[in-house]
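Here's a solo chain for you in structure tokens, the form predicted on its own.
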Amino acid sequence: MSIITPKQGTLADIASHRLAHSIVTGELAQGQKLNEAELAERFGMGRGPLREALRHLEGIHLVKRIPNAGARVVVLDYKTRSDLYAIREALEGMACRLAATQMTPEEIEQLSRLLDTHEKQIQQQGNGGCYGQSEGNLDFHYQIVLGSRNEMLMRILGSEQYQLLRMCRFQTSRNAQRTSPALQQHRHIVEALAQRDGELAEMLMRRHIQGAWRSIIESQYKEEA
């Protein structure tokens, strides 16, 4: 899994987490050139750990190294995002169907409590808030993928494509109009899991992700208008 907590592991691990967070949230813009000296000063660490972190982020597709041009933040164009969401809808829908029979009652209850935490965080922001989720244990979608107990799904959705999907999801989380519907959709998914209705859980997850994709398209049209 490509989930690294800020204080976990080596200096390179810490650098990877900081850089990944900056990329996912847009603090480092898509297509931005990554200057090792500037980043080392910015994050207060040596060039060695930073260079290792950049290699790791290249491996999980957040950074792209261009010959004779150096490393840059990946650019998620329309085609890339469209492909990602097509894969996400199919595979997260499958994960949800499997999770309906594989997750324990305690795990499903933990999901429900997680959503209670998300709701409180949204309310504290006021004005509709945004629905951004942290990594790992605080990520609703990630927990369902783990609950599928399917190693291949966990590898694809929890490692290879996880941070790219978080980049896309961060964009939709900024849309305050989607905050309340997204949270309610999550609660309906948990209800289907609790009922052990895999078919319904998959359908609800697919609809949820389709709605997220529509939100991305609509926001793009607004930017171009």
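What we label the rigid core is the largest C-alpha set whose atoms superpose within 1.5 Å from one form to the other. Remember, it's a predicted structure, so these values are computed and weren't measured experimentally. Position 1 is the first residue in the sequence shown; the rest follow in order.
There is another form of this protein, the form predicted together with the DNA, and it is not shown here; the text below is about that form.
The shortest heavy atom separation between Gln30 and the DNA in the model of the complex exceeds 4.5 Å. Heavy atoms of Asn35 reach within 4.5 Å of the DNA in the model of the complex, making it an interface residue. The DNA in the model of the complex comes within 4.5 Å of a heavy atom belonging to Pro49. At least one heavy atom of Leu11 is located within 4.5 Å of the DNA in the model of the complex. The listed set Ala194, Ile156, Leu183, Met45 contains one residue whose heavy atoms approach the DNA in the model of the complex to within 4.5 Å, identified as Met45.
Only one listed stretch (185-193, 22-30, 163-171, 63-71) carries heavy atoms within 4.5 Å of the DNA in the model of the complex, and that stretch is 63-71. Once you line up the core between the shown form and the other one, the Cα of Ala15 ends up 2 Å or more from where it was. The two forms, fitted on the rigid core, differ between the shown form and the other one by less than 2 Å at the CA of Arg149. Superposition on the rigid core between the shown form and the other one places the CA atom of Ala40 2 Å or more away from its counterpart.
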